[in-house]
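Shown here is one chain on its own, the form predicted on its own, set out as structure tokens.
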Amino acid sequence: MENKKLYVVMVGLPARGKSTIANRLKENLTKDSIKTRIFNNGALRRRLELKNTSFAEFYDPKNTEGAALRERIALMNLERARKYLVGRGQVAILDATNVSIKRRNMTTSLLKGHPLLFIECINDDPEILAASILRKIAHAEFNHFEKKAAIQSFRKRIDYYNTIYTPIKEGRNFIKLDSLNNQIMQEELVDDIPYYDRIRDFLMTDSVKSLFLIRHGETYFNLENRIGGDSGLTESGKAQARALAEYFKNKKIPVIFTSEKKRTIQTAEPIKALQENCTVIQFGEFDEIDSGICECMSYKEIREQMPDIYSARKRDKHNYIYPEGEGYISMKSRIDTGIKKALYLSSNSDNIMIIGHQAVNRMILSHFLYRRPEDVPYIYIPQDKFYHIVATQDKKLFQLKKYKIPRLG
């Protein structure tokens, strides 16, 4: 077992995934019996019960009192991290913005004796940022704000940090990470970095502790064997949604991702209602396959009215693209993007839920199952069962589970 020591220093503007990366990195290193601890400046600030630190003006660089307090907190955490590595600790993760050259130079000068690895998290997707801010303001420190005011305050906090932000351009050891897509944009290593292979592998790997992949309940279009559209749930479909809510009511589901179609949203609503704190986030990336000129038609109608289309798709379902629409092969990019967004926004949640559609859920499953492309359109996606997926560096689990649906009438 390696007994080398390492400081990992997170860098980036607020709501860019630093704490998510830090927590998952700690979890993965700890699984390998590498003693790891996170030193989070924000958590320390909240523990000290300081007043008015949730207000944006506290982060104004011109606020000398606030700047002095933030400096003091940073120094306290640096000292705590140093003592941890002097003792039995092996990896100390400093979780803070560290966006200024001054702060990074101070960190380097005070942490001697062991190498430092800077990890800069970058993500400027506006939709992800907006959703991340909603998760941030759910914290107790924002309870005294109205929702709109809390969002404005947090965005102003980001603006203040932006005035002093200097991205890493050079240094001894650093990684610039696209934290949404798990892509290393740039890396520079001068020193021998302990555990680097483990860290790099983790940063580039999708990790899912527990994903519940559900197909929406029965719709009126399902009864007529019609494709696409925006049909709502039948009474049976609503019963399925209520049954799912009962099944999951004792599991903590902090976030449910749906498409923008009403059938997935209607399926999510009863589940959310039985959860203590649950957010439903709609992604267009999870919308069902666009069948173009065949939208809202039944398969029988397509066969009779457009036999060439029916035959061509039957011959090669994976590669076929509906006229003025899309196909499995052309959906892949948006589905992969939706998965990345869901994993990013699920933060450190043990349980994630995605409520999608038949073709969409086939694509999501194939993302983790690595099925042959030609087999993807035939993956079994029932409406009375759901998939439970675990996909981490040391465990792969795929289970099809049934839930009890009460009979109507």
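In case it trips you up, residue 1 is the first one in the sequence shown, and so on. The structure displayed is predicted, hence computed values, not measured ones.
The following text describes the form predicted together with ligand F6P, which does not appear among the structures shown.
- Heavy atoms of Tyr220 never reach within 4.5 Å of ligand F6P in the model of the complex, leaving it off the interface.
- Taking the partner from the other structure, ligand F6P in the model of the complex has no heavy atom within 4.5 Å of any heavy atom of Ala342.
- None of the heavy atoms of Ser349 is located within 4.5 Å of ligand F6P in the model of the complex.
- At least one heavy atom of Arg313 is located within 4.5 Å of ligand F6P in the model of the complex.
- Among Phe283, Tyr195, Tyr328, Phe212, the residue placing a heavy atom within 4.5 Å of ligand F6P in the model of the complex is Tyr328.
- For the options Lys238, Lys317, Lys136, Arg200, the residue carrying a heavy atom within 4.5 angstroms of ligand F6P in the model of the complex is Lys317.
- Heavy atoms within 4.5 Å of ligand F6P in the model of the complex belong, among the stretches 226-234, 146-154, 80-88, 201-209, to residues of 226-234.
- For the three marked residues, Arg16, Phe58 and Arg103, no heavy atom of any sits within 4.5 Å of ligand F6P in the model of the complex.
- Although ligand F6P is not shown here, in the model of the complex the stretch 260-297 places heavy atoms of Arg263, Glu288, Ile289 within 4.5 Å of it, in sequence order.
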